[in-house]
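Just so you know, structure 1 and structure 2 below are the same protein chain in two forms, each on its own as structure tokens.
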Structure 1
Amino acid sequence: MEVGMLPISASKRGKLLAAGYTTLHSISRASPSHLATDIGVSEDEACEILKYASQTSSMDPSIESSNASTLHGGQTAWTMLNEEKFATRITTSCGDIDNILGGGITCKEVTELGGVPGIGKTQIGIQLAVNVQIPPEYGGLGGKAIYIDTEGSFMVERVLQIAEACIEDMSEYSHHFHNNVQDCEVKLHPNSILENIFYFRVCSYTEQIALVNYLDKFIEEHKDVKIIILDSVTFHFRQDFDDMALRTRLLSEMALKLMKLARKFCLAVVLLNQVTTKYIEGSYQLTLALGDSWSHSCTNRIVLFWNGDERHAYIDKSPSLKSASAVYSVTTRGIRNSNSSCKRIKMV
């Protein structure tokens, strides 16, 4: 029933139904005082119900709103095209992956990255947390990062390595393109990169859900956060969950909230996922964890896998990107394009 869609308490809903208001249309045609006397609530509460009813009905496509030129909350595809063309992207430092992603990880969208242990998910997460801070002069966003760690795999030494390599790359870039030696001095210091990564350590799924709820307020206070990395979204939901249906509901609610955050604050949300084995078509296959219902929750899904000796990134699901795969490698400097020749890396 349409009345069931209203975000009001169960008792008020019951009163509406008892008084004969079964559709939103019927509610919106009543006046506040009339509604108040009919169902036995105060006028203020009746006004609130009417407000919800008109909001909900304007989003319902089955109701013709002939007088509304734009539906409440809607955008035309044309305005969205301009937005999509100029959407900001965060580079992954690997040119090949950036190419298949159309430039990098897109802001305003939720991207899921999954793979076997040791493939480099945390590495990509840390690389993105550093790359989001690249100043606009070098083609980046100059933003801050939120890193939510559920597994304890965030190692500060590695962040320092990647940050230093990023600054070195930026200096090299400016040496090529800027004549003025003064400009070449990159004003970033590795410590300031570390300072702009907000780190949360989550120890249970309750804390994970609480944190996602709290992020709205946190980002209001820190408006320059441009990426949220959740490493990994799976860990706490894999153990001690007897009720799978509850798990699905909680996960989808969490995904919706993250999507809302991405759109509201124009930031990128990157979720890292683990793998599990599944029996499909007569054999065991690898698939990303958390089940089939979760696979619908994210906008983009990238699978990281081994192909022979190389690490590949494959776009498994995306509304706008072609299914393609790219080769990348994890080096001491972070994520980079893979070289065909094998080099011995010496630890300095």
Structure 2
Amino acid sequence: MEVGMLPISASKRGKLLAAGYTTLHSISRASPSHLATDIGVSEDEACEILKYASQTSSMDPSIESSNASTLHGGQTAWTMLNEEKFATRITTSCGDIDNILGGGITCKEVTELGGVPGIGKTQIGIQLAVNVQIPPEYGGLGGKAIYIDTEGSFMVERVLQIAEACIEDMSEYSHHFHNNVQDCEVKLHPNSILENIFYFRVCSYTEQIALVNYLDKFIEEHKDVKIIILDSVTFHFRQDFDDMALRTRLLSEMALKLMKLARKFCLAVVLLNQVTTKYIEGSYQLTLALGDSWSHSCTNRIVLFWNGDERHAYIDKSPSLKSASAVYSVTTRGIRNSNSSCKRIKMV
């Protein structure tokens, strides 16, 4: 993390991160008065921090080279079209959802999934963390997953259950296409699936920002990571935030970093979101949390909702996919196509 390179106290580093100053470039852009106000220090101290930021930037050539690569990263529209055409995707294990998504969750993009409690957001997140590991010979990526848990909803027993079902599905697939028993053997074990999910528990929004900043270095060391799941992006940003302008800035910078990670490492980023109420045309209606500005931070936005006893996934926003909905079920084996026996559980 660039801020960690500054020769200042740990408390000042924490204040910089909490105020959204996560890179040396973002610090250098601020005036002494604005920086002092944002992090609650004197202008003299702010000037000292700005001086250190300038000196550190000039001493570390890797920072300048990363900025240069950004400036020289232009592409032709033809290249972009071909990239979209041959983009890799991660199956959701629900054929109907995969169909409306063009084959699954797309790599190099940020996809937001939001819905009410109990709709299956975490279940989909766990399913994707397992499915990203499906070997290429079975149509998968053979990658690893990063799972960031802000709510404490990650269940390792459920991961094992879905992993076992995934291996059974692959074995069944093999028996359909291979006569040789050895060819049918799936060389993947549930325990190895669990070992390929890197789990991070974060307990505050500053930890969340710090972790997102650290991911670039982590993925450089684990280049087979092909998906980042953040469950949920919302939790720590809905509490104790009086300064909404600061919250918007922090969220925007975090979203931008995640987009850069998706493109740089050719991986999928999936952000799980909660819902809130919004006053629209004379009545309160459910909408995804974090406001209108946040809705533009993701490439694709999928809204999960109940329609009677059925769960639906609806593409609310996407630059390349048309609006459509699909029915899905949460079963003991994971996310699957809907069937009449999967009814909504009534909470007492």
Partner chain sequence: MANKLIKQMALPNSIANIFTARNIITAKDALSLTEFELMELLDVGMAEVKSAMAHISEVVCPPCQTALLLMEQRVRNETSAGHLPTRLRGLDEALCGGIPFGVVTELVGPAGIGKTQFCLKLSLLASLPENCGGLDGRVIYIDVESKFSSRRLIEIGIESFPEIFLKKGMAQEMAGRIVILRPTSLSEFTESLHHVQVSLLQKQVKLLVIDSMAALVLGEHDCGASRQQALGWHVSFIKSLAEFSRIPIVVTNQVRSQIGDEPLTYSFQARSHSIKKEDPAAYDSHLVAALGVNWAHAVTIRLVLEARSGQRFMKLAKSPISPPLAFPFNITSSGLVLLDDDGIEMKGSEINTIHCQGQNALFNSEW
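Take the two forms, find the largest set of C-alpha atoms that superpose within 1.5 Å, and that set is the rigid core. Please read these numbers as outputs of a predicted model, since none were measured by experiment. Residue positions are counted from 1 along structure 1's sequence.
Between the two displayed forms of this chain, it is structure 1 that matches the form predicted together with its partner chain. Put the two forms on the same core and the Cα of Cys47 is off by 2 Å or more between structures 1 and 2. A movement of the C-alpha atom of Ser9 reaching 2 angstroms or beyond is seen between structures 1 and 2 when the two forms are aligned on their rigid core. With the core held fixed between structures 1 and 2, Ala36 has its Cα displaced by at least 2 Å. After superposing on the rigid core, the C-alpha of Ala18 is displaced by 32.8 Å between structures 1 and 2.
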